[in-house]
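A single chain comes next, written as structure tokens; it is the form predicted alone.
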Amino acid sequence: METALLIALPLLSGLLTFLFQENKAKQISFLISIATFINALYLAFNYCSCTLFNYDLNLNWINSLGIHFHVAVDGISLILILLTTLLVPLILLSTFQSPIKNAKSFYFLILAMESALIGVFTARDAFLFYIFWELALIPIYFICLIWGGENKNKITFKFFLYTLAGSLFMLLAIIILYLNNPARTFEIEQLYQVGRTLDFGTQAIIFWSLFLAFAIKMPIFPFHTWQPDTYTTAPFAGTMLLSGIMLKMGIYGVIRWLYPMVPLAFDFYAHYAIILSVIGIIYASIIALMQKNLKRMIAYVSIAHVGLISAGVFVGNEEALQGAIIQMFMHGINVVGLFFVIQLIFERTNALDMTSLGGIRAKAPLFTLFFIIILLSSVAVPLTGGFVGEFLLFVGIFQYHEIIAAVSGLTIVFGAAYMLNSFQKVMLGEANEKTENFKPLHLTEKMLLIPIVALIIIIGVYPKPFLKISEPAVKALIEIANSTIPLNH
């Protein structure tokens, strides 16, 4: 029941925003998001690693089709629930200094999206997973369409078309598994058993159908083309939702639904997915180096980092999966921090072009300190949270293939190049007419940046609690996947 409450709380409480005046919507939404985060912390503190799944709720929903409202929390889900419920109040806080037209609808859509995302991370029924997956798309579509910037109609339509097409492929895979299931249910454990009994050709169809759905959402090369434009035109809060939380749906989908579901096809085709992921790292890093627009640059940076996480997931050993999970968490923290830094620069200078900025360090030393800590975590400097996940990912990928690991490692070199270059252009040098009156941080802005920086340092110094949470679930998934691969394969 606790899991259902966690899903329902943001959505149902979010309706309260319509009962208050427009100027109170942000405060009410923020309080609701804090209550949801406290609820998630309660689940985390009472989580017991003695059993694989906690807070299990399994109710009959559509008996004639064998569909259940089945939700539960394991270590992997818990990490992503904590990420989601932490980032949403921070994202809401990022809007406090900016006027929002039709604020009630805007904040309700964010809370509705939070509910759907938690549903994605807890669903144990494939049909329910698909419903939550689609529900998560609707709020962000309207956020980008209504509150987006230049060319929002064309860009948002492309984003919607891409993700909808991917969802249809996912639905095809789910239907194939369901039709091959004698029990005629969508329960994930039963579908695991069904998947391992299918012939290689059927498994291949399921693999590529699920892969397309998840690859588009992450996104990885060459399914990324919707992302830079959408991130650039979306309002900053929408960009943070997309980059900080929504792309984790795709990575989670590979870990939970693809990796253990069709082991023969995964074992055969994972290498191709890894190659695409590594190509994406190099391609996005080079494009990021060429960008002048700060927001667009971070969009390509995100593609590069997700490419490394994706490569680790498809490697599929324990180190790589553990690295992918903690890096999902840290990527969310880092990228929301970076986009908020860019938002503050834009609000104070009305500029995103790096060449037109400079000299901010002398005007805002505390802001500069926060920026450099987030930047260092983004480029995986030791003793920052970004280092832990990337180190484990490289260890896991190296066990798989030394050359692929070496090429993947270029992400650190490129990362240092484009991040330090942007910092130099934006923060150092002499102030100009745009940056001369750069204002110091407000209290609400400090309230957002302090927890981000604190988590970067805490996880960088002591990541053990996070790794311990996800370890049993990772080992269980590896056991399921390995037990289904025939010895003569």
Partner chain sequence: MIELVWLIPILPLLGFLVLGIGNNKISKSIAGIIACGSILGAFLIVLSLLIPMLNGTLQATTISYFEWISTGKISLSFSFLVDPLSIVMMTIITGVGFLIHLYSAGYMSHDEGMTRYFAFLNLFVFSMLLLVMGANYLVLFAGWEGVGFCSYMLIGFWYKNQNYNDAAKKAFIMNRIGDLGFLLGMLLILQTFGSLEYSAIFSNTSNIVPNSNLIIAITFLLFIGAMGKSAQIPLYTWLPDAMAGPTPVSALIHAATMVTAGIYVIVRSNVLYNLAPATLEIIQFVGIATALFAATIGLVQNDIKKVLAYSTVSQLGYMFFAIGLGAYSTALFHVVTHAFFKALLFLGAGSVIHAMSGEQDIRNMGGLSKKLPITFITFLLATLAISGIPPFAGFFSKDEILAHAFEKSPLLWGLGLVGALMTTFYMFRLFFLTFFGTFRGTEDQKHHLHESPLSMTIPLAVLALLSTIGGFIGIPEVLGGNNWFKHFLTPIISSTHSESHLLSHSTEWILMGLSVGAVLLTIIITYIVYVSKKSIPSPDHSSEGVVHKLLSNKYYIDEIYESIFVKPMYQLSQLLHQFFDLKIIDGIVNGFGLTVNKTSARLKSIQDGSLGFYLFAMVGGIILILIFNTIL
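Worth saying up front: this structure is predicted, and the values here are computed from it rather than measured. Positions refer to the first chain, counted from 1.
One more form of this protein exists, namely the form predicted together with the partner chain; it is left out here, but the text below deals with it.
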Which of 109-117, 175-183, 143-151, 359-367 has heavy atoms within 4.5 Å of the partner chain in the model of the complex? 359-367
Hey, in the model of the complex, is Q322 touching the partner chain, heavy atoms inside 4.5 Å? yes
Spell out, yes or no, whether the shortest heavy atom distance between V388 and the partner chain in the model of the complex is within 4.5 Å. yes
Report whether the minimum heavy atom distance between G409 and the partner chain in the model of the complex is within 4.5 Å. yes
Should I480 be counted as a contact of the partner chain in the model of the complex, where contact means heavy atoms within 4.5 Å? no
The partner chain in the model of the complex has a heavy atom of only one listed residue within 4.5 Å, and of M170, A380, I274, L247 that residue is A380
The partner chain isn't shown here, but in the model of the complex which of L352, L212, I100, V395 has a heavy atom within 4.5 Å of it? V395
Report whether all of L289, Q424 and L467 sit within 4.5 Å of the partner chain in the model of the complex, measuring from non-hydrogen atoms. yes
Need the contact residues for 401-428: heavy atom within 4.5 Å of the partner chain in the model of the complex, sequence order, or none if there are none. E402, A405, A406, G409, L410, I412, V413, F414, A416, A417, L420, N421, F423, Q424, L428
